[in-house]
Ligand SMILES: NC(=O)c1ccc[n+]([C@@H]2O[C@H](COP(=O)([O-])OP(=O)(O)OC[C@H]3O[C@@H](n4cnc5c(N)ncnc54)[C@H](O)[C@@H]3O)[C@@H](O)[C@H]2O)c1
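In the block that follows, a single chain appears as structure tokens, in the form predicted alone.
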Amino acid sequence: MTICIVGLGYIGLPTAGTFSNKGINVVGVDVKQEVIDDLKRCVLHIYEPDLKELIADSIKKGKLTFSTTPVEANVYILAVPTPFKEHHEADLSYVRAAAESIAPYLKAGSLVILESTSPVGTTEKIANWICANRKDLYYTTSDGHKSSETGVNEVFFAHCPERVLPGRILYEIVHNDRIVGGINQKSSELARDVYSEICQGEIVLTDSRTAEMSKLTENSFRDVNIAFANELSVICDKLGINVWELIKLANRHPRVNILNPGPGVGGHCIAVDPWFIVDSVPEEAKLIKQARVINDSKPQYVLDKIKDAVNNVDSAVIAVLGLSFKANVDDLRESPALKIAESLVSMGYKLQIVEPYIEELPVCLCSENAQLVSLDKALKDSNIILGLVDHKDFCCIPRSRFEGKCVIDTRGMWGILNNF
């Protein structure tokens, strides 16, 4: 078996490494030539614990190669971005481009798996896009009919959503349960056989639309619960209550598990996927939409707090601790911390930025007023400390380093009364 994986980001590259490490021939495809050139030299463009060693071992054994164009394979896995456009409409252009790029290489029996989190019905769209490009191909619909009268070679399609946690991706790819949903029963079974090569968790079969909705549901559930915590923190701020203490007390109830609030919600999943449901059924998805509104408004609430702090000090220099969307990763996608820092730069504030998982600031922060510095320098040179991400390096800062400074802790790291 040869697997061609299109898209070598935070999901595609670890997936390629995991399959190839099991002795399966894998070709990783990405449209960025510089990414491919670096990967051939085992220079990774993303950080994930133990991933570099895994990739290096697979390359050395000849099981993993890289290309800017697809190749003929038995299985194609699409792991490309699915962002949203204006008005939170899903942008499927990357998915469509990936599907059309593999169309010339498909043959009878080929299996196409979509891993990208997508709106309900996307797997069916991929099947139609591909068969529109190849009149000799067809798929069998869920009710047993051929999709095309001209097609003579049957191909198969399934959705298998990723459900991994950055920082634990290599472990969770193997050990988490997987949902596999085909556009027909045969597609589901073929996809199950592929993932059984690497998955030690249970592989559960369903149809493609239910599989697509399952991933959106998982992330919307998380988003709604985070929104409750974020709204609670604002309420506590108005009432003069320590939200961190309150949550600890409430969670002593055996059936209560309130999450911790923060400066917003980021990442490629939770901050994006609920909008796919809202876009599909706007009249029905009232709670899901309101959770998105609450979480998207949190960065502005934090900014208002920072403005108040700046007004109370002379010649403000702000130490911005953290840019990533969650602790101990380098992923800046949809990060509320990054949005807050970008807003502070646009306001002309002087920033001493600490982000231990990146080597240079993103373009949006390139300014004479913003510097990427060490933690020690930021604590020394600033008079306002802004904790945005609870990286392990930040959680153990001695309280003595805060003396004489205004501290704004959006993550509850230091036991200081801040409600965000």
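Computed from a predicted structure; not experimentally measured. Note that residue numbering follows the sequence shown and begins at 1.
The form predicted in complex with the ligand exists for this protein as well; it is not shown, and the discussion that follows is about that form.
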Original post:
Out of 308 to 316, 265 to 273, 337 to 345, 292 to 300, where are the residues with a heavy atom within 4.5 Å of the ligand in the predicted bound form?
Top reply: 265 to 273
**OP:** Taking 4.5 Å between heavy atoms as the contact cutoff, choose which of 32, 377, 40, 60 touches the ligand in the predicted bound form.
**Re:** 32
Original post:
Can you pick the one in 188, 122, 324, 116 that has a heavy atom within 4.5 Å of the ligand in the predicted bound form?
Top reply: 116
**OP:** Evaluate residue 166 for contact with the ligand in the predicted bound form, applying a 4.5 angstroms cut-off between non-hydrogen atoms, and reply yes or no.
**Re:** yes
Original post:
So in the predicted bound form, does residue 223 come within 4.5 Å of the ligand, heavy atom to heavy atom?
Top reply: no
Original post:
Any of the heavy atoms of residue 82 lying within 4.5 Å of the ligand in the predicted bound form?
Top reply: yes
Subject >> Heavy atom of residue 212 within 4.5 Å of the ligand in the predicted bound form >> reply: no
Original post:
Which residues from 299 to 329 come close to the ligand in the predicted bound form, meaning a heavy atom within 4.5 Å?
Top reply: none
